[in-house]
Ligand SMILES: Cc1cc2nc3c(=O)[nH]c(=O)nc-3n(C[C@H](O)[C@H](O)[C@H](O)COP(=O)(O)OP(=O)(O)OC[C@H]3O[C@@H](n4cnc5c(N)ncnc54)[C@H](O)[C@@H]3O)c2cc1C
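There is one chain below, alone, in structure tokens, taken in the form predicted on its own.
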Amino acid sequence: MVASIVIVGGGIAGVSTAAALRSGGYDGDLTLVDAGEFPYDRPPLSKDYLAGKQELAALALQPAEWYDDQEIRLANRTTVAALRPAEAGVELSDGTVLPADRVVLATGAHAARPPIPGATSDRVHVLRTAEDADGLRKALLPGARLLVVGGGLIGAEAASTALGLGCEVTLVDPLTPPLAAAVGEETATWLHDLHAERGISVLTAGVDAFEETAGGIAARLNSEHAPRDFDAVLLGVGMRAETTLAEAAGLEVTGGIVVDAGQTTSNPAVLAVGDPTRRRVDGVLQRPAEHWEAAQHDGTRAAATILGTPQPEPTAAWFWTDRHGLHVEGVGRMADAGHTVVRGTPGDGPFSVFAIDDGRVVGAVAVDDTKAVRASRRMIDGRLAVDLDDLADSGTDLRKLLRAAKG
């Protein structure tokens, strides 16, 4: 019998685990440990929160009363110092030991800081937490010269936000185009070209070194002889799984906390969810998902494991991003498809690109076309063969196409 559960980390994975446990009927002791004042959502940090359009309170994943209503103890402003699975306990940073028949690690990840000389300067920022966003926002004054290193989701979103705040933005990435694996080559190229169209200076380059100057920071790019001067730098080069507790507890860690299909670690008393995990399927470690909904699904699976209930049916991976006033969504896989089908015209209103393999949709990416992504997900999950000419026709109702595919 599981009488007490401690969830370590209050991101979307941790809060989703707690919610799924309670909705699934768990009525034992449930504690959520979080280092902050309250668990909050991270996607707005590079967008409306960074722009000063949202307060942190608006990002709360649940209102304060929800934790009371669900009888969840929120141990905030504290951290876990050690796991004690053999003793069915978790030790907090103040020495308090919480009873825990099961522990769920939702420790998240931290922003990567590659070993670039000079990258420890106060003028070099990362963007993972609200504190990171607060520090970066102070540098984003009108006319400020910002260098964004990395054209992935965070880099592109923050570059767009900084441009809107009146900054002079330069974006560098050694890949051309970034995000091709996630959204496909043609859409990635179109999205990346938008930066230059909107006024961002885009360079295909990496950074060799940073050096503080009298009034800012100089960056030496590996494509140029002379350094460039900036007021601030943002490193948007990915994240690193937070595995310190897991390693100290002797759990298997290989580029992340290794879990099975039910989110259980190498110790059956400990589960892990969200960004710090790597799932092993049929003996093969999978790539980390690192997206909001994936973390949410991890929580649902972990709760099912603890409750002994059936695991939810898998569904195609989904993500979204916003830049330059456009909403982009992706579902399934766009890489290595046989060919693609385009619905609409890039740059002329909403459009979608579908990845096709053996006559079936296996992935889709859409700009300002949420309905297309929803329909695509049902096609992917159902492994439905569709008429490709109808799929490309913007006048065809995708719901009718779905019904026809189902027969």
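Note that residue numbering begins at 1 and tracks the sequence as displayed. Note that the coordinates shown come from a computational prediction; the quantities given were computed from them, not determined experimentally.
This protein has a second form, the form predicted in complex with this ligand, left out of what is shown; the following refers to that one.
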May I ask whether 151, 186 and 355 each come within 4.5 Å of this ligand in the predicted bound form, counting any non-hydrogen atom?
-> no
With the partner removed from view, which of 259 to 267, 202 to 210, 216 to 224, 107 to 115 is the stretch that lies within 4.5 Å of this ligand in the predicted bound form, judged by heavy atom distances?
-> 107 to 115
Quick one: does residue 43 come within 4.5 Å of this ligand in the predicted bound form, counting heavy atoms only?
-> yes
Taking heavy atoms and a 4.5 Å cut-off, does residue 305 contact this ligand in the predicted bound form?
-> no
Does residue 324 reach this ligand in the predicted bound form, with heavy atoms at most 4.5 Å apart?
-> no
With a 4.5 Å heavy atom cut-off, would you call residue 320 a contact of this ligand in the predicted bound form?
-> yes
Considering only 264 to 292, what residues come within 4.5 Å of this ligand in the predicted bound form, judged by heavy atoms?
-> 273, 274, 275, 276, 290, 291, 292
